[in-house]
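A single chain comes next, written as structure tokens; it is the form predicted alone.
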Amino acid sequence: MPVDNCVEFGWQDLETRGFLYHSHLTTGMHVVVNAAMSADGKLSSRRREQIAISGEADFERVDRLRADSDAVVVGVGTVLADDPHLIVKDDTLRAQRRENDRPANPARVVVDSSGRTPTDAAILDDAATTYVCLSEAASVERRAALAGRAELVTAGDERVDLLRAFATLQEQGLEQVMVEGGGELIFSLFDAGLVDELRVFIGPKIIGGRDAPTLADGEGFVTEFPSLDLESVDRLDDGVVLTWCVADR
């Protein structure tokens, strides 16, 4: 049901995911997944609490990547666990964005099928425009609660249809997109064929735990595994940054 301040999805006449993929994803939008993980591939502990994996030099790298982006995307699990603000922290970088006729901060996007984002979440403040991507399963009450604080994008029945949602985001002028997690969202983006580039800081920690989140959680692939081409390896702090491009993109 439409509510005020919604961005209505306008691609209903497209009947196939393949057509949407070729008409949208190959023309303009560039999606970069960025993450920090431990040496054993964990994003945090089994308690899902934030752990300092990287240091100041990597924080600066991430801030530059945010400053180069039109939007920063996270899943609702990351919002509930970490309450991130997702703004550019460096004053000079924000000033450079303004000089280029861009907002001081990139837009923020939450993928949130049922509308669980708290109305007092830091990501909903007025530092930047925020989009909340919902499915049809989100209740009218949750839509109404969020509508005054964010632009609402509805795509998908029970879960957010990422292809359709990202097509709507591109219609809003968001083409250089940075994804900061978590693992469920990252897997879903790879599964949808939306990722162009993966940048990972690997830090000098072992976290362990079969229930600790990894870079790509979700159902996992059993066939047709996404392939990556290694573009660069850069030592940073006490770890390393690996940059891959998704093959055949």
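Residues carry their position along the shown sequence, with the first being 1. Remember, it's a predicted structure, so these values are computed and weren't measured experimentally.
Quick note: we don't show the form predicted in complex with a small molecule, though the next part is all about it.
_Residue stretch of 142 to 150, 166 to 174, 124 to 132, 87 to 95 approaching the small molecule in the predicted complex, non-hydrogen atom distance within 4.5 Å_ = Selected stretch: 87 to 95.
*Does the small molecule come within 4.5 Å of any heavy atom of F221 in the predicted complex?*
Contact with the small molecule, no.
_Is it the case that V74, even though its partner is missing from this view, gets within 4.5 Å of the small molecule in the predicted complex, heavy atoms only?_
It does: once the small molecule is placed as it appears in the predicted complex, V74 has a heavy atom within 4.5 Å of it.
*4.5 Å heavy atom contact, I53 to the small molecule in the predicted complex*: The answer is yes: I53 has a heavy atom within 4.5 Å of the small molecule.
*Partner contact for A67 in the predicted complex: the small molecule, 4.5 angstroms, heavy atom*: A67: no contact with the small molecule in the predicted complex.
*Taking 4.5 Å between heavy atoms as the contact cutoff, choose which of M29, V62, L194, I202 touches the small molecule in the predicted complex.*
None of the others qualify; the residue that does is V62.
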